[in-house]
Each structure stands twice: as structure tokens, then as C-alpha cells.
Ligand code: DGL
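Below, in C-alpha cells: the form predicted on its own, a single chain.
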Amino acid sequence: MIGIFDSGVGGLTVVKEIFRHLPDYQIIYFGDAARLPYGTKGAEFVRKYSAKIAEWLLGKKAKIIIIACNTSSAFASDSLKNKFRNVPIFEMINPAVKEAVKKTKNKRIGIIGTPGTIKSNSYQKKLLKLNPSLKIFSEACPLFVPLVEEGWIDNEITIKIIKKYLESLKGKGVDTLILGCTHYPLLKKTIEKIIGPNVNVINPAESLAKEVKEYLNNNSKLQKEIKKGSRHNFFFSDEPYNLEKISRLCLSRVIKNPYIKDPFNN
């Protein structure tokens, strides 16, 4: 199985892309709804629970770990790769960074994300490592997550808030924008309308899914080890708010009989 985890339901946008690009593989998903949001938590907290969840997924026979959370990707990916050296671990940041560098023409790239992701400077550091001549502009958008979880994707209030957050980035003349939170792809169409047709909007979930697919295509042994089939399992450490609505938005279907139990409540 492919193990995927997030702080809640936002990682379902990653599940959507895994289903689209790797439809034959069985996945196991864990959303840490009991401790969300990670975007406002400290680095040590995020590392601690990311490690606990990764270990739990491996105990459920996952062969690959996908960190479907930008904050966990920023704070915990290196420590997880060191802790689980024999396990392929994929995160949200590197695939999106590579795609953004390829697509930008004027070398002006914008990043939007949770306060934790923006504060970590993870996207900025990796972008500048690939190309030091880039100009990077970032904006924390903390209201986007509750808007998405309310199902307010393109109503009047949402449009006004998106316009307000993107105002400074539009003024900077960015030609590429990275959606640095797993909830944000659900706002992608509205964001594209507001930011303008000449800006490439990068969905890291799609970039990551393509990278996992390429990795598996080059590792036939691992391909055979990963369980295939359509019986996917969804676990949450607490009952997520608006799960039915979010799963419909992400997966065009309702997640039936999710497991609601916190394995770390001890």
C-alpha cells in the first residue's frame, strides 16, 4: 500500500492526484484531525507526530510514505528520511519547486501557504538553491483552510478574501504561483481567475503524484511489493469537520465508513 498522511482532510487533494496518476494502487490515509491544524504548530510538535504517524502507517504495511502536508514536509521530511532510511518518502515541496523553476519565465515566483509553511522558508530556500537569481515573494493565507473546510470555494466572501491575500503578489509581477497548502487546490480555479491568465498556478499535489509515478516506473521490484486494488482505507484521529462535503469536493464521492480513532492518545 501507499501510505499518505496529513494533519486533516487537506491531504485528500493528494489522494485525488494519486488516484488519477496511479489508479491501480491501494492507499492507506491518515488524517490527524485531533491535532489540526499543523500550520500554526511548532516545528518540534510537527516532527514528533509526523514520525508517530509514519511509523503507524508502516505498521499497517505501507511500502511508501507520502507526506501530504506542507507544514510536515517543511519541518519533518528530513528527520523522517533519516529515521526510516529504507523507506521511500515523498514530500510536497521539492516536486513543486522543480516544476515552478521550469515554468517561470521572468524568474518571479510567488508562494502562498499556512503561516507555518511560510515561516519555515522551505519553499524559498529550495527555489533559491535551484536558481539563486530567482525573486521569491510569499504570503501567508490562514483563512483559506477554514473557507475550504466550510465548502466556500467560490462564493462572494471567498473571492474577496482571495483578492485581498493575492493583492501584493499581483503587484510584484509574479508569473508563477505555488499553492503551498493541500487545501488550496480546491480554490485553484478561483485563484487562477484572480491572479490572471498569465500566471502559472502550481498544484504541488499533482507535481508529487507525477514524481511518485516516475519513481515506481523505475523500481519494478517495489511495484510488485505494493498491494494493488481499489480497497482503500481512511483513518482519522478524530472526526473531521465536514468530511462528507470535503471528500465530495476532492474525490467526487463520500468516504464510506472511515475509521475514527486516535492511536496516539495515551
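Note that residue numbering follows the sequence shown and begins at 1. All figures in this text were calculated on a predicted structure; none of them were measured in a lab.
We do not show the form predicted in complex with this ligand, though everything after this point is about it.
The candidate site formed by Ile18, Glu91 and Pro204 is entirely out of contact with this ligand in the model of the complex, as no residue has a non-hydrogen atom within 4.5 angstroms of it. Only one listed stretch (190-198, 130-138, 157-165, 175-183) carries heavy atoms within 4.5 Å of this ligand in the model of the complex, and that stretch is 175-183. Among heavy atoms of Phe30, none comes within 4.5 Å of this ligand in the model of the complex. Residue contact check for Val145: one or more of its heavy atoms lie within 4.5 Å of this ligand in the model of the complex. Among heavy atoms of Pro37, some come within 4.5 Å of this ligand in the model of the complex.
Contacts between 58-82 and this ligand, taken as any heavy atom within 4.5 Å in the model of the complex, involve Cys69, Asn70, Thr71.
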